[in-house]
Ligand code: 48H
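One chain follows as structure tokens, the form predicted alone.
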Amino acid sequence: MVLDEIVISKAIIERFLEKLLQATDVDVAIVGGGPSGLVAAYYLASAGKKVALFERKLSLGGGMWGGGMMFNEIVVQDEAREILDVFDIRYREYQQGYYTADAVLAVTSICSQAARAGASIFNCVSVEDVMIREGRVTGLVINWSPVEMAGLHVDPLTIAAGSVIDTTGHATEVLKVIERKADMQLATPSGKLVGERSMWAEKAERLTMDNTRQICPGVYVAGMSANAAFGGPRMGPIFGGMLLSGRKVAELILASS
């Protein structure tokens, strides 16, 4: 067999366009490919929802890739160990209630399972705006991350979504767009983003779950975005709350549909 570079190029272009066209109208659009976003994508796609996940970076996994200070091990507390079992991630008990897992294995396992469940995952894509109709967020406005990074004036494309999940972590990127550009109140005491507080793992892990919810019509918040939105502290390299938050937001959306 003689390989033809043009055939290779055409295959990539045609197959990617098929995937992108399918993602222009989805049940759920997830912004952010960290652990909570990927877990949510897995559960939603497994339940038959049409899911597209958009990650601005080349790689997925968010802060989980680096573990703690680039020591690529993560810690998961006892309450979230069942999520590791769901994704067949090997772990070891460190001491009672604390379990460690290889960060790279954890990220790749969750990402693989989400894709196998049917979620469409797009990397190098940034969300620069949202669509709002009759007081509800109804979709996303996307562009290539390199376009954003280079400051090029290139018009974006749009994605229609029944629900949007902001799992962009500390940055709360989708919510910042809504706060800046839309006449819409968030479900925080002030109606605005509160902002992340200093590290307190015990409190942060609990509040990550408490704060995982619908934050405005059409938009849910999960993972570290939830704590940053409602003023919770950061939790550092313990990831149980992130994993459980991803499952919880999926359950909330499924229960509402």
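Quick caveat, the model's predicted, so the values are computed rather than measured. Numbering starts at 1 and runs along the sequence shown.
Form predicted together with this ligand: not shown, discussed below.
Q: Using a 4.5 Å heavy atom cut-off, which stretch among 130-138, 108-116, 170-178, 90-98 contacts this ligand in the model of the complex?
A: One stretch meets the cut-off, namely 170-178.
Q: Of these, A45, V31, V28, I215, which has a heavy atom no more than 4.5 Å from this ligand in the model of the complex?
A: It is V31.
Q: With the partner left out of view, is V125 within 4.5 angstroms of this ligand in the model of the complex by any non-hydrogen atom?
A: Close contact exists here: in the model of the complex, V125 approaches this ligand to within 4.5 Å, heavy atoms only.
Q: Hey, in the model of the complex, does V249 get a heavy atom within 4.5 angstroms of this ligand?
A: No, no contact at 4.5 Å.
Q: With the partner left out here, check for me: in the model of the complex, does some heavy atom of F54 sit within 4.5 Å of this ligand?
A: Output for F54 is yes: heavy atoms within 4.5 Å of this ligand.
Q: Report yes if any heavy atom of M235 sits within 4.5 Å of a heavy atom of this ligand in the model of the complex; otherwise report no.
A: M235: yes, in contact with this ligand in the model of the complex.
Q: Which residues within 73-104 place at least one heavy atom within 4.5 Å of this ligand in the model of the complex?
A: Stretch hits: zero.
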